Ligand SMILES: Cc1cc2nc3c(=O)[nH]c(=O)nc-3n(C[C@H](O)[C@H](O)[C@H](O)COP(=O)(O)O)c2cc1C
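Only one chain comes next, encoded as structure tokens, the form predicted alone.
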Amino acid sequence: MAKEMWKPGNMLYPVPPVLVTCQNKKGESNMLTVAWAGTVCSTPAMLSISVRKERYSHAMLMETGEFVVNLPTEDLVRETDEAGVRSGRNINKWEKLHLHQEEGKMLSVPMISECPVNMECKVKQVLELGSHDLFLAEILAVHVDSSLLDEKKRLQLEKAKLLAYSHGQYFGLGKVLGSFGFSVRKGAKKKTAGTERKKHGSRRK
């Protein structure tokens, strides 16, 4: 496979574009789209978001150390994009995007009602990295739409139709290709091979 070497750049794609909500001590809230978000720890549950200092929400995050990560769906792709290209300095994004606030349980920061998953987060550390500040935060509570739970209360997140972002474009997640550990489960390889033979055989007919 022929390769070209480029200068250092952020090419770790795809990533989940998330809508981050925050609020200052005056009670003024805002939302921004963050593509650079990630899981960093399971115990305690923690995540990170990276935000430029010049973003309107940066001061709110620094002031209160609180935010909510809201996971948008395919139906919210336009709102997700617009929340990232418009500034809360100039408009009320809640009104402009026709999104609704929902009260959280642990923090005073509003959640986005239309998003099926919301994570209330408390900042533990801020790292100044250069163009972005990285906010390391503990997840205090997770809120999940009841429609994503089966009869045994197990989460079926694939039903949410969440977004993915890759190199300037938004995507739906597409079909399920496997589940965690499927490659080593007993009979997994045999089943996969049999399925492939059946597919190829049907093409030859």
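Note that this is a predicted model, so its numbers are computed, not measured. The first residue of the shown sequence is 1; numbering continues from there.
There is another form of this protein, the form predicted together with this ligand, and it is not shown here; the text below is about that form.
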query	finding
This ligand: the contacting residue among L76, C121, A83, I112 in the model of the complex [heavy atom, 4.5 Å]	A83
Answer range among 136 to 144, 52 to 60, 66 to 74, 171 to 179 for contact with this ligand, defined in the model of the complex as heavy atoms within 4.5 Å	52 to 60
Exercise: L162 in contact with this ligand in the model of the complex, heavy atom 4.5 Å	no
Residue contact check: S87 to this ligand in the model of the complex, 4.5 Å heavy atom	yes
This ligand contact in the model of the complex: A35, any heavy atom under 4.5 Å	yes
Those residues of 128 to 145 which, in the model of the complex, come within 4.5 Å of this ligand by heavy atom	H132
